Every structure is written in C-alpha cells, then in structure tokens.
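Taking the form predicted alone, here's one chain by itself in structure tokens.
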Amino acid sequence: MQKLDTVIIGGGAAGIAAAISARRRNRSVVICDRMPKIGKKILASGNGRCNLLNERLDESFYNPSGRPLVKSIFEKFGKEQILNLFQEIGLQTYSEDGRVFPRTNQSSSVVKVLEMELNRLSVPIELNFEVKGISRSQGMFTVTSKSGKSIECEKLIVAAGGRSYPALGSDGSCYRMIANLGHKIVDPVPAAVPIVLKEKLCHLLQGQKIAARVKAIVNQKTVCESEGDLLFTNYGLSGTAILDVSEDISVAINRQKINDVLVSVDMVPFMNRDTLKLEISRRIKDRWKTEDLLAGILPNKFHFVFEGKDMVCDPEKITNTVKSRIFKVVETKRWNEADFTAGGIDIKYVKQETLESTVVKGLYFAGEILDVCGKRGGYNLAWAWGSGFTAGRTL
C-alpha cells in the first residue's frame, strides 16, 4: 500500500491549490480524482474564460452561515495572495467590471499553468480514482478506490466539490463518507440555477431576453432581488437576474419544502412607474393598437403580457403588470443546470483557522464541499483557491 504525508481527494480548483501549497512545504502529496483529467470544472468556468476571482472579495458575497469561515480564510489567503499565486506561476490577468480573468480569456490557460506548477513540484496524480471508502486507524487514513487501490496518509484533504455539473467530476458522493466520520451535512441544493414555472406567458415569449429587475418572495416576504438579463424559456425563466436570486428560491423549495415561493419581475427597470403609466395613458388616448402599446419599450411580442381585454384601456393595470408581474415558482432545474451547490459539510465542524475537522484529527476540507456558496462573479473560485491553499499549508 502506498503511504504519503497528504492525500487530496479532488482535482478541481481547491484540490490543485491544496496540492501546490502542501508540496511547497515539502509534504509528499498525491491528488486523487475520479475524472480522466484534472481541472474539468475550471475549463468550463466563466463560459470558458475562467472568472478567477473578484476584486471586491469579502465575506458579504457568501451565504450568511458561511461568512465567518470565509472571513477567516480570506484574511490569510485573499485577493492579493490569489493574484500573487497566479503571477508566480506565469498567468497574466486583467479586470473587467471587478471580475478577474486570464489575459488570454481562455480557461485552458489557467489549467495549463496549474498543471505546469504541479509538474514542477512533482505532484503525482491518480486519475480515474473514484473513492469508495475512507477509514482511519492509529492516526492514519486509508483512502480506497472502487478499483481496489488504497493509499495511506497522515493528512487527508477532501476537496471533492459539491453536486453541480456531475459530468465534470463532482457528484456529491463524498458527503456520505464524511457524514459517516461524524460530520453533519447541510442538505445540498442547486444554486445559480434556472426556475420552472407553469405559465403560458413563458411559452409565448420563449427565447425573448430583456433587462429586468427580479425579486424572490418566500412566504410573502421579499428575501432577495437582482437586476440583469431575464430569459423566457419553454419551462420558465433563466438569465443572470434569475440565477442571482435562485439560491434563496432553491433553499426554500428544495431544502425547506416551502410552497409559497414567487418571483416578481419588473420588465422595464429603466422607467419608473409614473413615467410608464403616463406613456401608456398617452398611447391609449392616441388610439394605439393593443399589440403596439408597449412598442419601443419592450420587444414586439410583449403584448402577450396583457391578461384580459379590460386591461387594454386601463393604464394602471398595464403598468402594474409590466412593473411587477408575479410568477409562482413550481421548482428549480436540477444539478446538470446548476452552476453551484448551496449546502455541504456544516462549517460548525470545521476549525476556522485551518479548515481541519473538529471531529477527526488530520482531516481537512476545502472548496465547494463545505457549506459555503458565493455569488456569481468569481466568488466561488476565489473560495476554492483560498480554502485549498489554506488547507494545504497547514502542517
């Protein structure tokens, strides 16, 4: 049986950062990944551009329960340290509206320089290594694959990711093993995910994209709001405005099993209510055709938002419908269409300074497997780099 100082489960951003950090401290280390190649999610991130992090990097951009842990980690390995790491290994970066990208605009460049650093440090990688079991005896961990291979180590870093995009490597299979070691798992649910509605309007407008302001309403209370693109689809709604409020919606529906979940959509955020009402009133007075009442304000198909003939002559009703159209959310799309995972290992079982388990000595966690979920814009990758490097450098 192979014996090493450190085994890292997961060859994504957090696992790679942990390996670089541990090896730089002369630890013997191996990455075990279930895929035939490491960094698959990195390649897919940022629509192939890889949004490395955000210049505005602090705990306020993460789920409330995760903020104390995020704050602790970023105080030790935050924006400056992440940027320095990539500069050291040869990656040129630039900022666009606060989002940091590789200068090449190719995520493959990020994976390439990371692989080069792993090679320079002589970090071995076990590919197609699907973990079957984790055990601990006499201060040593044994990690066993489904193919029967076993590796023994003093320190185990679990950076296996969450459940989003399972085809790219992380399917949540490690949750059960970590729970068996005495840890609580906060029920994982899809985040940054489209929502499903039963609305005729969505079918009529499918393929239409507009700028909109969206509010998520749970049990008649607004829990979050966002402004961005709104895309009508045959199943419901997508676009950045929806993705940015979807975590609260998903937690309510999928984890808390709440039925009273709505979204309120302002389809013309660039006009206030009084201005829009005045314009609609003028058009009605001038005898504009019904299908033209919103022409020049919204795309031509949007006369479908009128729900009844009585609305055509009522500027107040038209304004209310356009500025605060209410949709009842039936469900969210599933893991194959979710960018992130909300939930995971309860951070109450993790030491804030080191990311070591409070239950099992020598066991560490990093990345998306923890109950830490950031907003879109590079926050989740930043968490992966920061938590991975922190977990790896703890001797």
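When you see a residue number, it is the position in the sequence shown, counting from 1. Small disclaimer: the values here were computed from a predicted structure and weren't measured.
The same protein also has a form predicted together with a small molecule, omitted here; what follows describes it.
Residue heavy atoms within 4.5 Å of the small molecule in the model of the complex occur in exactly one stretch of 257-265, 207-215, 155-163, 293-301, and that stretch is 155-163. At the 4.5 Å threshold, heavy atoms of I326 stay clear of the small molecule in the model of the complex, well away from it. Residue contact with the small molecule in the model of the complex: A19 places no heavy atom within 4.5 Å of it. Though the partner is left out of this view, R27 does not reach within 4.5 Å of the small molecule in the model of the complex, counting heavy atoms only. For K333, no non-hydrogen atom is located within 4.5 Å of the small molecule in the model of the complex, even though that partner is not displayed.
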